[in-house]
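Just the one chain here, laid out as structure tokens, in the form predicted on its own.
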Amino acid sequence: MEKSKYEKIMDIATKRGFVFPSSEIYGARAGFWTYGHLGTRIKQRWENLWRKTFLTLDQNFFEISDCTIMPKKVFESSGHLKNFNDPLTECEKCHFRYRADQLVEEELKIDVTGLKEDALTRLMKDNKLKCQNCRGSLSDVRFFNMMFDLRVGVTGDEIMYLRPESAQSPYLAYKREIEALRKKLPMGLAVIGSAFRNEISPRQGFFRLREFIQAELQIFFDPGQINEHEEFESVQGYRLKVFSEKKVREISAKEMNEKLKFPKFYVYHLVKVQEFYLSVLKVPESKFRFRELGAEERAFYNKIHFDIELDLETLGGWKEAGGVHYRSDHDLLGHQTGSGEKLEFVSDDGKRRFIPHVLELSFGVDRNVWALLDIFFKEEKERTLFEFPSVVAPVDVAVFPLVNKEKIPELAEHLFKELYKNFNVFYDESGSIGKRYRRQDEVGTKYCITLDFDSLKDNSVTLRERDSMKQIRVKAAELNIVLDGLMNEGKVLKDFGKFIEAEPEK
């Protein structure tokens, strides 16, 4: 039986060093994964692109770093201890536990977002759903709090919690940062870091994790200025891809504001999110959309909520990779009440006092890394490859000596060391040149450089491009300029030389 696309990608990911189960030699637990050397590079590149894109939207946007362990009172004030629950059902025979909404959606192929425990129980009983492992009966649905608790100190009397989202860190830092940044709004505080959720049954491999990484930007702003943004005019003609009425339609930012009444401040950031995926990450337009969540689906404190969705074949279609959330004053108001600290913003003239509202740009880093593996995976007759854009590829260029004699390896090693100063470079001298090309195609390396006997004579090399497999001849001394042009300036191979006839890759 032929393997699924998911299985094929996971085989490469675990074999080549993208991702693999954590603590594997002791028996891995579901929901915990390790980034290998290639996966770490992709993750870091994605994170740095995210920083470059979103932290430059305003000169008052900054990144902070915080503890992942927080006092119980934080989550009482935020509402997580009361409301951060998933629906649980358990097999009465083998005691395997399921997330009830996921089980129902998987078995019945229906959307059950927003249904309460009684409604889920009714659906399970009416459709006679059974345990997928042993066909045993399933219990009534009950809610299960997903937070991890810790006992802190010598006596273990103090209970603290691992944060279930990185968003709480900027809210807790708001009072200090608004003073340090001279009381200027909007103010953006970003966090890229770990969060923890005790998922009931993380069965989607690398997509649903118990320890995961979020990249979030919390933008604190004056609610009286929500329909203003000084840069809105520059994006008003940009067409957003929005899923509504069971189809994707394109609508301009101006129409989103004037016809659909979404505020300019919100719409501007929708545009920047879509540009990030389509223009920076090079995700095909057909694979991206926004989906608005209705009142019954979104969190009660979100006044506007669009999910960022990507079409992922390995996971059965459109999946959430992030979201743009207008959270109103819920968060700061809750922490002001719980802590007793004043979190009001006071205008310079002292005439206005208000709790800032928050616009949240939230991204699951791990989900986005998996999305890159899914979207850019390709199979051809004689090879398997990832067609990563250069900006996220884990290896920029590979260097090969054609043979291990005649001082060609020494020349190749010298070139490798020179290129290593500016690029992520891999050196390989084992196996046939065709096999070496295939190994680099499989991990998504965009360019390969081969040194041969002619290199000894004229210091030229063969430069091969991954997607087309076409080759040109380039002077070794010019490679830094050529590679920079290909990776960073939008140039293509033929801009630097004529294509040459190449031997069949074996």
Ligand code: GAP
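The numbering used is simple: start at 1 and walk along the sequence shown. These numbers were taken from a predicted model, which means no experiment stands behind them.
The same protein also exists as the form predicted in complex with the ligand; that form is not shown, yet it is the one meant from here on.
- Contact with the ligand in the model of the complex holds for all three of E165, G322 and R367, each having a heavy atom within 4.5 Å.
- With the partner omitted here, the stretch from 209 to 217, 88 to 96, 369 to 377, 116 to 124 that lies within 4.5 Å of the ligand by heavy atoms in the model of the complex is 209 to 217.
- Of the residues Y161, F276, F345, Y301, just one reaches the ligand in the model of the complex with a heavy atom at 4.5 Å or closer; this is Y301.
- Among K254, R436, K272, R327, the residue placing a heavy atom within 4.5 Å of the ligand in the model of the complex is R327.
- Contact check for D311: every heavy atom lies farther than 4.5 Å from the ligand in the model of the complex.
- Residue contact check for R291: none of its heavy atoms lie within 4.5 Å of the ligand in the model of the complex.
- Mapping the unseen interface onto this chain, H229 falls outside it, with no heavy atom inside 4.5 Å of the ligand in the model of the complex.
- Using a 4.5 angstroms limit between non-hydrogen atoms, E177 is distant from the ligand in the model of the complex.
- Residues are counted as partner-facing when one of their heavy atoms sits within 4.5 Å of the ligand in the model of the complex; in 343 to 367 these are E360, S362, F363, G364, R367, in sequence order.
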